[in-house]
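There is one chain below, alone, in structure tokens, taken in the form predicted on its own.
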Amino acid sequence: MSTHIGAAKGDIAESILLPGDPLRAKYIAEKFFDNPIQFNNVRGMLGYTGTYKGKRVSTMGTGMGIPSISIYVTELLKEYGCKNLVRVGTCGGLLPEIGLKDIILAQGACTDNAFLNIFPGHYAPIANFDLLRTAHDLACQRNIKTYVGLVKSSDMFYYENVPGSEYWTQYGVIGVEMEAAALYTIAAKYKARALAICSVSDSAFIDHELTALERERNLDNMLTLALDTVLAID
């Protein structure tokens, strides 16, 4: 087992859904998996493996922010050989037409985090095209209101009145979250597929947001989209 994941070799499927909230991982396993088995509880970061429509699949929380997801994704890829990693998280919408619970497929991820300073130049983290195309096709078939574009993986959750915040939207950034840039970068290093699928939980143009319970248990459109995407990809 690795330092932060208490699973034995073979306990984790090649395809895994990665919510930030470990309680969302528990919800996914209990709601959608047949015969789920818990493989991780280290630091309360719950992880489960089961089957979905006959396919073996896993889910595990990653915590919030680039440092946290970087630890878990590195161990999943390096120690457990995962091949398809789909973040199922929430994000803030940055366009007036994007509503709560709409889906954003992160085609690429900008960031203000120092994580990418490991490169001698400017690395551009992008989604795996096969996962992105599959998720978009499925969303269109289901008439799920979906946007494809850049997100910003921010170090700040409460970013009101931060100078330059509006700068990102001028260059096509449509949502802000906290993990996708690291997910895409680490997946590229280990030759794995990765995609961030985010449900919009709040918006610069809406005066209310989803509650914590709604973020945990009321995002089934996103979750089934992610599960059916990894089901179709192999």
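One-based numbering along the sequence shown. Bear in mind that the values here come from a model prediction, so they are computed numbers and not experimental data.
The same protein has a further form, the form predicted in complex with a small molecule, not shown here; the description that follows concerns it.
Peer 1: Contact check in the predicted bound form: Thr74, Phe115 and Ala182 versus the small molecule, with a cutoff of 4.5 Å between any heavy atoms. Do all three pass?
Peer 2: No residue of the spot touches the small molecule in the predicted bound form.
Peer 1: Would Phe157 count as a contact of the small molecule in the predicted bound form, using a 4.5 angstroms cut-off between non-hydrogen atoms?
Peer 2: Yes.
Peer 1: Report whether the minimum heavy atom distance between Cys91 and the small molecule in the predicted bound form is within 4.5 Å.
Peer 2: Cys91 belongs to the contact set for the small molecule.
Peer 1: May I ask you to state whether Ser70 is within 4.5 Å of the small molecule in the predicted bound form, using heavy atom distances?
Peer 2: Although the small molecule is absent here, Ser70 would stay clear of it in the predicted bound form, with no heavy atoms inside 4.5 Å.
Peer 1: Can Ser201 be called a contact residue for the small molecule in the predicted bound form at 4.5 Å between heavy atoms?
Peer 2: Heavy-atom contact with the small molecule at 4.5 Å: present for Ser201.
Peer 1: May I ask you to choose, among Ala29, Met178, Ile186, Met60, the residue with a heavy atom within 4.5 Å of the small molecule in the predicted bound form?
Peer 2: Partner contact (heavy atom, 4.5 Å) among the options: Met178.
Peer 1: Only one of these stretches, 30 to 38, 186 to 194, 49 to 57, 201 to 209, has heavy atoms within 4.5 Å of the small molecule in the predicted bound form; which one is it?
Peer 2: Stretch with heavy atoms near the partner: 201 to 209.
Peer 1: Check Arg142 against Arg215 at the C-alpha atoms and report closer or farther in the predicted bound form, compared with the shown form; the change is 3 Å or more.
Peer 2: It is closer: the C-alpha separation of Arg142 and Arg215 falls by at least 3 Å in the predicted bound form.
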